[in-house]
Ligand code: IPM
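The data below hold one chain only, encoded as structure tokens and taken in the form predicted alone.
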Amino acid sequence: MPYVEDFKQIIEEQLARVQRIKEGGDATDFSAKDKIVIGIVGGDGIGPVIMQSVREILQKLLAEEIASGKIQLRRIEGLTLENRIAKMETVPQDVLEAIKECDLLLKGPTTTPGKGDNLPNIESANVKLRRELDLFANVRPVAIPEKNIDWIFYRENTEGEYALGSRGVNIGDEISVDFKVTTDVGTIRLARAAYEYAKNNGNKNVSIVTKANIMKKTDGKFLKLCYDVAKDYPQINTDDWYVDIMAANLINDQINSRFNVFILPNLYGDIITDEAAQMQGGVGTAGSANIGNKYAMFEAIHGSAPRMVEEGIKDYANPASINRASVMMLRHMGLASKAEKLERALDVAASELDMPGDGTGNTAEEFTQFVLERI
């Protein structure tokens, strides 16, 4: 029975991954580094358009650090769907090596072939990078001041349903099995990061989101381990919710302002954070950070928008999301004042520019020049 060997190989690989996590080093303090290399990856579709925007803005904002050699912006080519298909690699090896020579990554959206695309079954580049760079926490802030909403989501990034998304097993013609992975070390480090954030930002409330009543082994473990970590932070209020109820609670204006910090497994975090971003004004308004101990990757949370390319309107892509991600990157580097300066300019751009993404309104270049004039 060949599928038994498939199961065995998957389990052995996950046990080896757990051991690597245990042997990993401490988190890098980027503010103490003599030189920081930021990789700029264009990606697919509208990716090169929005990445050109963020590059121009960072070149001005970080002009002093770039001139002194403290920071280097390094363009990385080759993470395109065409190149990935040509080499039949999720992330081509030469591209991965170039990425690993950087400290931080600003990444444009990449396309993952779908079931009906008539393209090879290539895994998500994001999933591959998160696993290769061990970017265990996907961090997404959402703020809606008029509703007194100030949320930040800590989504587990290397396990859950996405850890082995393309490694499911077909058992004959009758059964297909996919996998969900939850480990002690993976969950604890995510929960610890979330509680540290809550403590450092005024003991904010923490909400754990699972479906532990149904997924008793995986989500049950996730819930228990988060509560174990919570014992080390008695000053922080902790509660837990099922994911379906939380999806409803986010749009319930009677209670949604009570939430602050969320801890979620991978799949639920993917869905819930898109819902939250839509409440803020759409996925184009939010940035995303993928944090590990050695590397960190910052990206827009929207896709590559092939429709805009096909319709010849890619120059009208909104660069707000990737620039919001760069604000998170600047804070991660310890450059809080520069992050605040850029964030203020982006807030003004959001209120004064019209970026519907349909070929009307302002272009990406007009957005960029508007922001440049204000930093």
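Bear in mind the structure is a predicted one, so any value in this text is a computation, not a measurement. Just count from 1 along the sequence shown to find any residue number.
Another form, the form predicted together with ligand IPM, is not on view; read the next lines as being about it.
Undergrad: What stretch, of 231-239, 144-152, 121-129, 244-252, brings heavy atoms to within 4.5 Å of ligand IPM in the model of the complex?
TA: Comparing against ligand IPM in the model of the complex, the contact stretch is 121-129.
Undergrad: Hey, in the model of the complex, is R189 touching ligand IPM, heavy atoms inside 4.5 Å?
TA: Result no; R189 lies far from ligand IPM in the model of the complex.
Undergrad: Do F298 and ligand IPM come within 4.5 Å of each other in the model of the complex, heavy atoms counted?
TA: Although ligand IPM is absent here, F298 would stay clear of it in the model of the complex, with no heavy atoms inside 4.5 Å.
Undergrad: Is R140 close enough to ligand IPM in the model of the complex to count, meaning some heavy atom within 4.5 Å?
TA: Although ligand IPM is absent here, R140 would touch it in the model of the complex, with heavy atoms inside 4.5 Å.
Undergrad: Might Y162 be said to contact ligand IPM in the model of the complex, defining contact as any heavy atom within 4.5 Å?
TA: It does: once ligand IPM is placed as it appears in the model of the complex, Y162 has a heavy atom within 4.5 Å of it.
Undergrad: Only one of D103, D134, D270, E89 has a non-hydrogen atom within 4.5 angstroms of ligand IPM in the model of the complex; which is it?
TA: Looking at the other structure, the residue within range turns out to be D270.
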